[in-house]
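Before any questions on binding or motion, here is one chain by itself as structure tokens, the form predicted alone.
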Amino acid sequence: MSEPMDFLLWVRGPAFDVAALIFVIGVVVRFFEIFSLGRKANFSEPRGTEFGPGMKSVLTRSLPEPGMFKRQPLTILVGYVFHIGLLISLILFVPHIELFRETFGFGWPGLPNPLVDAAAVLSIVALLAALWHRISSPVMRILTTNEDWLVWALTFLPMLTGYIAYHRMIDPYPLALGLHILSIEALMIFFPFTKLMHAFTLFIARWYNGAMSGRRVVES
């Protein structure tokens, strides 16, 4: 068996099993840490409801604040383009859907490959623009930590290697696909222990802030 195929079988087998185990255990532990902290008992009589304001906060805080686009247009634009492109590439790419169907027994319709490919390109460009902004801005360079650089690389590499594999830009193909899968496994391993975890906790935090404001009948 050729070395590239051996590499592909390794990343699809033992390496993926280890990465998935670390990912699941890490996420469970992080959620346990978050929810075990609990919140102080509030004995005051609530003046409003929690659920509605919580959901409103999730929605409103997913949109840029008034005037924010004028102050930081690149940051806002890059953020939306990247996240939308990432979601399209992740959940609407037919091979990804088929992998999910093979694993869990169900799937959903996908988008035509050229549309997903275009979304991936836009996402890659957005990530490069974000990198350029961090490097070129003195303030951003000061605020950027080593973890931020790591998170950027962990996010960028799966997009880049996926594009390379889809267009077969590396020969042989099993090597290109193996590199793509390996980059995803690196993302899975570091996910629970870095700022990437915000993908799971973001909406929980927003709902909680809105719910507490709703209980006091104040704006979140």
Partner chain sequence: MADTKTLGESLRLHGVSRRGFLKFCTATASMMALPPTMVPAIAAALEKAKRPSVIWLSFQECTGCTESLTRSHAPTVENLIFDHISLDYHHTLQVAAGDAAEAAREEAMHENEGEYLLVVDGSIPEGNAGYSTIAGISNLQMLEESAKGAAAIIAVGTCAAFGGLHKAEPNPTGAVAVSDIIKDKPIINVSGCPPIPVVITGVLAHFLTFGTIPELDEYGRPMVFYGQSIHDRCYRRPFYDKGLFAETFDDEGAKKGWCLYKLGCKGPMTYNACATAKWNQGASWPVESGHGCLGCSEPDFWDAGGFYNALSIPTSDVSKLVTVGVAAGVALGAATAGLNHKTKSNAAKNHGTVTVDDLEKTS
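So that the term is clear: the rigid core is the largest set of C-alpha atoms that superpose within 1.5 Å between two forms. Computed from a predicted model, the values in this text were never measured in an experiment. Positions refer to the first chain, counted from 1.
What follows is about the form predicted in complex with the partner chain, which we do not show.
- Message: Using a 4.5 Å heavy atom cut-off, which residue among V94, L150, I135, L128 comes into contact with the partner chain in the model of the complex?
- Response: By the 4.5 Å criterion, the partner-contacting residue is V94.
- Distance check, L177 to the partner chain in the model of the complex, heavy atom within 4.5 Å: Yes, L177 is a contact residue.
- Does V29 reach the partner chain in the model of the complex if we count a contact as any heavy atom within 4.5 Å? Although the partner chain is absent here, V29 would touch it in the model of the complex, with heavy atoms inside 4.5 Å.
- Message: I'd like to know whether A118 contacts the partner chain in the model of the complex, with contact meaning heavy atoms within 4.5 angstroms.
- Response: Contact check for A118: no, nothing within 4.5 Å of the partner chain in the model of the complex.
- Is I84 one of the residues lying within 4.5 Å of the partner chain in the model of the complex, judged by heavy atom distances? No, I84 stays farther than 4.5 Å from the partner chain in the model of the complex.
- Message: Using a 4.5 Å cut-off on any heavy atom, which residues of 160 to 187 would contact the partner chain in the model of the complex?
- Response: The stretch 160 to 187, when checked against the partner chain in the model of the complex, contributes Y166, R168, D171, P172, Y173, P174, L177 at the 4.5 Å heavy-atom cut-off.
- Item | Post core alignment: N146 C-alpha displaced by 2 Å or more between this form and the one not shown | Result for N146: no, shift under 2 Å.
- Message: With a threshold of 2 Å on the C-alpha, tell me if T103 counts as moved between this form and the one not shown once the core is superposed.
- Response: Indeed, T103 is displaced by 2 Å or more.
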